[in-house]
Every structure is written in structure tokens, then in C-alpha cells.
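In the block that follows, a single chain appears as C-alpha cells, in the form predicted on its own.
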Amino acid sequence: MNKCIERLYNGIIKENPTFVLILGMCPTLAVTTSLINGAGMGLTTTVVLMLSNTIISMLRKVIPAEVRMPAFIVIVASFVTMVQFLLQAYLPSLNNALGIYIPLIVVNCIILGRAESYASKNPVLPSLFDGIGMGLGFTIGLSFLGAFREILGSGSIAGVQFIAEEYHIRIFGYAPGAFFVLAGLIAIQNKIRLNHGKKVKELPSCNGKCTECEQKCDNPTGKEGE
């Protein structure tokens, strides 16, 4: 179970596909004009990731190494087709908004990358959670990007208007705005990681007077490696 939690943490925080690995940039920049579109694309990808990782892990000892990539693509394409049919039947507006980017999930580098680097080499349960973690990380990234672009570009969130039209910054609704917002979010995330990295725990120094501070100290000078 600890390994499963580790896979979730890895996908959402440590190796977030959008903000850390910078993968899947085509749908990230193209469909994130709103929160709903970003979340819809992320959740669609998450479902495909979960299913494909699980099946590929189950078949990892059966699929010959020489044809593994074509086999992975066939498995992923099957699930993408099923998901697209479901969207067409139950969420036609979202399907129309995402358009060609739903079929392009088949060649999304996040899905094929996790299939090759993790699912094809690990048991079913960790592979499932790896897919969930990476998918949720991708969903969070696209949702944040879509929310910021929607607020700045059209003054609304999830379709609810709350900023007057004269205050809209329309460039954020177009392709350049996607780059600006993505760069800003990555910069914020890098700043947080940098500040966190600077909080290094210092070794205690008692200058050899361990009896006075009532502390057991194997390193009285506080210097590492001595």
C-alpha cells in the first residue's frame, strides 16, 4: 500500500506531467481555454491511463519485447475509442470542445511513457496507482491552467461570469495566453520547490559541551563529514 501511495504522490507532486516533466504540451496549450475543458481533458486522459496501465501490466510477460510499442498503441487506442464513444453519447458538448485532441490521446507521450517505463515492468496494482497519480497530476495542471486563462481572458469561472467585459484580457483566451500562464505557473512552482530545498536541517553544535546542554552529540563541531 505504501508503494501505491508513493505512486500517487509521484504523479501529483514529484513528477507532475505538466509542471515538472513538461509532457503532453499539445492538449495542455490547446484545450485549456476554460476550467471545464481543462478538467475534462485531464479526466479523460486519467481514465485511459488507468485502464491502459492495468492491461499492459497484466500482459507484460506475454507481449514480446520486439513489438511492445505497437501493442501498447493498440491497447491505448482501444480505450481511447471507448472513452470517445461515451463522451459522444453522454457529454457531446465536451466532446465537441475537445475535438481532435481526444483521438490524439493515443499518442500522448504521458500514456506511452508510463506504459514503457513503469506498467510494462511492474505489477498490476502499483501500475494502476501510477496511472491514477499521473492522470490526477495532469488533470490538476490542466485545471489550473484553464481556470487562470478563463478568469483572465473572459472574466468567468466554469461558465459563471463575474468580471465586466471591459476588464477582460483577451489575449489569455488565445495561444499566446496559454504560454504566458503556463510559464507563470511553472515559475511559481519552481520558486516553491527552491525555497523548500533551502530549508536544510542544520546539525546541532554544542562546541563540545555536551554535558552542559544535556545532549548526546556525536558531532560537537556541527560540521558534516568530520
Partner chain sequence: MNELLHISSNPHIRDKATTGKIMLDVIIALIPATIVGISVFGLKALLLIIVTMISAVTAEAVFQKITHQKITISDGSAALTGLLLALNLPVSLPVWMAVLGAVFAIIVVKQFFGGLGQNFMNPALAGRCFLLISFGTAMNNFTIDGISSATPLANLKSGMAVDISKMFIGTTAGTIGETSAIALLAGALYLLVKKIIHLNIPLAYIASFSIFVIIYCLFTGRGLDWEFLAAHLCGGGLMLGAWFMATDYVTSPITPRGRIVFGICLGIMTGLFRFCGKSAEGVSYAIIFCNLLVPIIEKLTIPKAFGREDEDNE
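Treat the numbers as computed from the prediction; the structure is a model and nothing was measured. Residue numbers count along the first chain shown, from 1.
Although it is not shown, the form predicted together with its partner chain is what the next lines describe.
Q: Quick one: from Cys26, Leu59, Ala158, Ile171, grab the residue that has a heavy atom within 4.5 Å of its partner chain in the predicted bound form.
A: The residue from Cys26, Leu59, Ala158, Ile171 that makes the contact is Ile171.
Q: Taking any heavy atom pair closer than or equal to 4.5 Å as contact, tell me whether Glu166 reaches its partner chain in the predicted bound form.
A: Glu166: yes, in contact with its partner chain in the predicted bound form.
Q: Hey, in the predicted bound form, does Phe180 get a heavy atom within 4.5 angstroms of its partner chain?
A: The answer is yes: Phe180 has a heavy atom within 4.5 Å of its partner chain.
Q: Given that the partner is absent here, state which listed stretch (50-58, 63-71, 27-35, 171-179) has heavy atoms within 4.5 Å of its partner chain in the predicted bound form.
A: Looking at the other structure, the answer is 171-179.
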